[in-house]
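Shown next as structure tokens: one chain only, the form predicted on its own.
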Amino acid sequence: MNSIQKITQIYKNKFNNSADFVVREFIAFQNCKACAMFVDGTVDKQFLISGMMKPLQDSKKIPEGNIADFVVAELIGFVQAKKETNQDIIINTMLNGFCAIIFENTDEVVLVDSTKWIVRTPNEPPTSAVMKGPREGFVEDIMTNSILLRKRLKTPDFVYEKIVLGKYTKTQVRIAYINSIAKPSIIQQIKEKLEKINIDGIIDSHYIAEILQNRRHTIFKQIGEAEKPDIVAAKLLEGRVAILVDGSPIVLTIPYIFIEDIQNSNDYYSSSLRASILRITRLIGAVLSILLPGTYVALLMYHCDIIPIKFLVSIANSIQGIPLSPFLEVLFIVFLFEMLYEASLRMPKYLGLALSIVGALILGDTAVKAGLVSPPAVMLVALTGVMSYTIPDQSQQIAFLRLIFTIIGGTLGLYGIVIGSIILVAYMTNLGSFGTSYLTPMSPFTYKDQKDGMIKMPITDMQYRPTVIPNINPKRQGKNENSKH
């Protein structure tokens, strides 16, 4: 048999003598040489000393037969422990927070779960402000996130499937779904796509989201995202599949439709009338944010005759002496606002606040007084910038479309705005993934799903799951109906 020193040297070489690979020799069973190997920072050292090494040192029992079996069964059977001989498995297990124990005169290694990662407390996520309802948010630890979902779905039908991705990161990914609701074909499609991923590392769930998209070169996202367990649990109950990625607080949901971003978790904790009004307001705000700058430019440059005379006179007085055309003026202001936005995001917190004040008050006011830009253009761009955040998860797409429609309005006028809008809606209707159209239930129009579409009906009226989300159990209130897969 190989000596302990030779075995530990093999593993040190495997870890390239890394400073955080720790080897601790000790005496077990009074006279048996042993060694503990682990990656520093991933294990609970207090447990290693008091819960594992000390019982082995103090034990007066003499192991009978296989020493690895004796240790697993008799001494540390109350924690997750197993024996292993495959070096690759042993290394991967140690990298996940296990401690490997080697005993003299045996080739078997005992792996003991001693995991202790630094985990952030589940707090209210910064991107999902909560007025009513649960305030827990996902964190960067996949086990914590799994527990948060399991706490809300206490049924054996709720299933996790594990897969490891990334050549170097070995990132754990979990596919979550409710077995009696989710459609098996959708689950199979997702698993097949994930198993084909061959990449050096998965740092965040967005890496997977890009790979799962059917259309790679589009500004519209095709995979849902959520940072709150109550939102993901509600989507799972509709038949969706969730993907949890270790190291990311963002959980992906499939399939995804556009109306998910118009809906808000607060809608389900307030009256139906209030929620319906807010949903319509969000959609109107997004549409106006996209079309207003382009329409303003088109009216001033090509269609002045349709502007009411009093309004036209007021605008003419304000733009008198402005050196730039309405088209270039709006483009300049849009560019200026985007620069200020990017700078405020990346500067330290308090400097970012000062920058916002300087940009909004000083630069804007000075530019107007200097005659570089007109007050209506500044007000319009600022208003549409605020409107884009009525649907925060689509703000990047709205900002891009606002720029495109501004260019269209400045070159083709209102005719270009109308034609561009038709093309945009047709394109979005043609988008879709995993058997679900992007604009459903509006286009194609699905009557049964309008109870939780733009208009939200009381929960008691939602007896069936959305038909646009593939599932095998359509009824969610009352006695379940038997459905064929």
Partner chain sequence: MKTVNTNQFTIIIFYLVISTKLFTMLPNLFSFANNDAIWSMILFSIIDFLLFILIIQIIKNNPDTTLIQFLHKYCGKFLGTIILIILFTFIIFKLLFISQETHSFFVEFLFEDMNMLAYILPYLFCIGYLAIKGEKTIAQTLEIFSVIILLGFIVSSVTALGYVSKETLAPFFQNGFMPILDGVYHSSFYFGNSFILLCFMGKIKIEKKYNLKTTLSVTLAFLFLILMAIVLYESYGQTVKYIDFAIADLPKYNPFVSDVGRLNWLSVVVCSIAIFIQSSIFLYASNQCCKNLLKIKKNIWATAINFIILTIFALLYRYSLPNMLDAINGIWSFVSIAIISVLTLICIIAIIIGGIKWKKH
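Positions refer to the first chain, counted from 1. Please read all numbers here as calculations on a predicted model, not as lab measurements.
A second form of this protein, the form predicted in complex with the partner chain, is not displayed here; the remarks below concern that form.
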| query | finding |
| --- | --- |
| Residue 445 within 4.5 Å of the partner chain in the predicted complex, heavy atoms | yes |
| Residue 437 within 4.5 Å of the partner chain in the predicted complex, heavy atoms | yes |
| The partner chain contact at residue 215 in the predicted complex, heavy atom, 4.5 Å | yes |
| Contact test in the predicted complex: residue 413 vs the partner chain, heavy atoms, 4.5 Å | yes |
| Per-stretch contact check against the partner chain in the predicted complex, the hit in 426 to 434, 22 to 30, 452 to 460, 38 to 46 (non-hydrogen atom, 4.5 angstroms) | 426 to 434 |
| Of 88, 305, 200, 192, the one that lies within 4.5 Å of the partner chain in the predicted complex (heavy atoms) | 305 |
